[in-house]
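Encoded as structure tokens, the following chain is the form predicted alone, with no partner shown.
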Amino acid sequence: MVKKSQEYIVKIDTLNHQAQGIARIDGFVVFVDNVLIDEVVKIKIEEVKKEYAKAKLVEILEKSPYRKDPECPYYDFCGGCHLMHAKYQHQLKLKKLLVEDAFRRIGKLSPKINDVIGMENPFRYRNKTALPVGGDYVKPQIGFYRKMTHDIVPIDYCLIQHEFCDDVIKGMKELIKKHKIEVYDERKHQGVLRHIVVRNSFAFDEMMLILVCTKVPENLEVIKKDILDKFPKIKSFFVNLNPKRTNVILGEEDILIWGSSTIKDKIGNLTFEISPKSFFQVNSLQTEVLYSQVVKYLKDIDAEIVFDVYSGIGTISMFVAPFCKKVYAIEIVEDAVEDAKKSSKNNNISNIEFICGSAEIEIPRLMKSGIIPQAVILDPPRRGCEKELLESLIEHKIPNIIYVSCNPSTLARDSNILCSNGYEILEVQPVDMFPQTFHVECVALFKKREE
């Protein structure tokens, strides 16, 4: 029987969906961080559950040829990255394995899965970050949470964030000290400054700074002046009010303190306005690669009428619009629909109809009125598609479905539902939107089988 605090020597069989190594001790599963397949390692058991145990890596006895030293000094403590100990080309192979495993284990399917499309430079790619703030104004801590905790790992820089983020970390520490800004203590639910959110534009060299606070900080006018002096790239400065006892980062109210209410960024030749709560892919450069795959599938099936479901601020709709006769973009969040309309107008796109409503209602309504799509694009959140939506697509015999997913597990689950109800999955194209982490985006093409 596996015992807590006991050390063992094990061989790593494979990785799970969170890039943890899986080893077995007399058949009992043990999860280990920061290891690679086929490595022989010494581990120390930290936690024992009924079905599995978690262990800490003590020593690597037989090292994988794909292992490298992580470039980040915070890697062993911070919970932000999971695969920086693997060479980048090997990271891509591991992510393909994770996708294959999800389809085999959850979807009970074995579709054609292409090699993962990677980045030329797998660092400094993120256009958004949310930095928790801890400690106090004498010794403030800004960083990221330790894995599976809310303990902050203080950092001076982050290699997957835009360089602006490094400037903000250093500068905000100085301003918190100078202005004695009360730091929020989530255990006591006391203090003011909770998070610092930074949104950056790679295309326009602009930055949005959002201080997430329980209330408006004292001396805000003085703080504002120092912030503008320290960060000349700022185009937009907000205070977001979040007084609730919650793990949700942003509260409901955004107060514009200075500048524009939005910043601009590009995907391909399209320009988008981004507000504090806009959903916008965090990797602007690789998003063009992802959406180009959607366009490729649309061209392959010669789609003229397209429904874009979970359309958000309209990024996919606008990217595919030049290749279609008409796009119907369906989104339930009203603010996102309004942002999409503005961006569509700014980009001189006229063949999109933006609809605020739930897809389960809007798709039958559109089809009843005689609007029949050749394809439906799905881009749901991590939890995947609502069952009612999938049932509606199946009932209306949509001929082609292009599914964009940030979660291979829910993609595999939903694929099983579609393939059990008259569809076949032609191929899956993974795209590495999140280098150094276990996350991977996929585009999957489904076709209705002939009856």
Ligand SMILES: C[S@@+](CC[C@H](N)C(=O)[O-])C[C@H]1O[C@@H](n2cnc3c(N)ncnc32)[C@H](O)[C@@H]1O
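In this text, rigid core is short for the largest set of C-alphas that superpose within 1.5 Å between two forms. Just so you know, these numbers come straight off a predicted model, no measurement behind them. Throughout, we count residues from 1 along the sequence that is shown.
In what follows, reference is made to the form predicted together with the ligand, a form of this protein that is not presented.
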**OP:** Choose one stretch from 157-165, 104-112, 329-337, 210-218: the one whose residues place a heavy atom within 4.5 angstroms of the ligand in the model of the complex.
**Re:** 329-337
Original post:
So in the model of the complex, does any heavy atom of residue 281 sit within 4.5 Å of the ligand?
Top reply: yes
Original post:
Taking 4.5 angstroms as the cut-off for heavy atoms, does residue 265 touch the ligand in the model of the complex?
Top reply: no
Original post:
Quick one: is residue 251 in contact with the ligand in the model of the complex, heavy atoms, 4.5 Å cut-off?
Top reply: no
Subject >> Proximity of residue 344 to the ligand in the model of the complex, heavy atoms at 4.5 Å >> reply: no
Original post:
Each of 315, 357 and 386 near the ligand in the model of the complex, meaning some heavy atom within 4.5 Å?
Top reply: yes
Subject >> Contact residue in the model of the complex, chosen from 238, 319, 310, 125 - any heavy atom within 4.5 Å of the ligand >> reply: 310
Original post:
Just one of 191, 143, 380, 259 has a heavy atom within 4.5 angstroms of the ligand in the model of the complex, so which one?
Top reply: 380
Original post:
After superposition on the rigid core, does the Cα atom of residue 356 shift by at least 2 Å between the shown form and the other one?
Top reply: yes
